[in-house]
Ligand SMILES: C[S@@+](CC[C@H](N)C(=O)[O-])C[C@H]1O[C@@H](n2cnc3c(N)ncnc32)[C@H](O)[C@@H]1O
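Just the one chain here, the form predicted on its own, laid out as structure tokens.
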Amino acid sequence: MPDQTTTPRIKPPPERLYGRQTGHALRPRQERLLAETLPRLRVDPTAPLAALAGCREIWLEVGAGGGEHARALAAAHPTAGIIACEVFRNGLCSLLGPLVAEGAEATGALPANLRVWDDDARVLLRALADAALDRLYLMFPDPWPKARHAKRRLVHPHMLPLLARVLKPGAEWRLASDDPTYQSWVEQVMAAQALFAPASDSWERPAGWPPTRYEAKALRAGRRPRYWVFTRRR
């Protein structure tokens, strides 16, 4: 049986948040979304699932981007509590904008089963209780293609025990990437661990997987996405 922490040659990721948090200057509407709508959806790091009590399952998407995937999940699965994790402020605005009409940022009705975490995903993951999640999504993450940047990837030997701890036995981890380097990295890392079992591996988006803008961008550029499902071993 492979060692669950894999090779010791790979250093642990540093305690640092990589990636952009801000982009172009925000418009007034976007500023209102962050100031008035985001606080109404933000999960409490000390009790991150309290606001979703009553949902049959809790699903977390790390790196929700513009939020189209998380919104589609919330609409299609009203009994699943969806937590969308994203730090990029412009992406957060894209996630929040379709949820409320302009002028109703502070008062408009919001999906009962959708919440947002706008900080480092590791902070949230560490705050979760054991076996808190029924499903995990990592859809088209930044590939960090250079070898020296491998430590920045969520798919990392030193991150797997944390992900396994918060997932229930048998829970799904759904993962997609269009980057050949990242695809090879997933093969390498997941073949050398014992916490997750491979459930499916496809070059076609499986039925029931909402599309994302990053997938569409990859297809336009001629890149071929790959889709995996891993399950938390019992």
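One rule holds for the numbers: they count along the sequence shown, beginning at 1. Please read these numbers as outputs of a predicted model, since none were measured by experiment.
Not pictured, yet referred to below: the form predicted together with the named molecule.
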Option from 62 to 70, 196 to 204, 164 to 172, 39 to 47 whose residues, in the predicted bound form, bring a heavy atom within 4.5 Å of the named molecule: 62 to 70
Position in contact with the named molecule when the complex is considered in the predicted bound form, options L160, C85, L133, V100, heavy atoms within 4.5 Å: C85
In the predicted bound form, the one of A121, V116, L96, A74 near the named molecule [non-hydrogen atom within 4.5 angstroms]: A121
Exercise: R223 in contact with the named molecule in the predicted bound form, heavy atom 4.5 Å: no
Contact test in the predicted bound form: L128 vs the named molecule, heavy atoms, 4.5 Å: no
Contact of L154 with the named molecule in the predicted bound form (heavy atom, 4.5 Å): yes
Any residue of 106 to 142 that, in the predicted bound form, places a heavy atom within 4.5 Å of the named molecule: D119, D120, A121, M139, F140, P141, D142
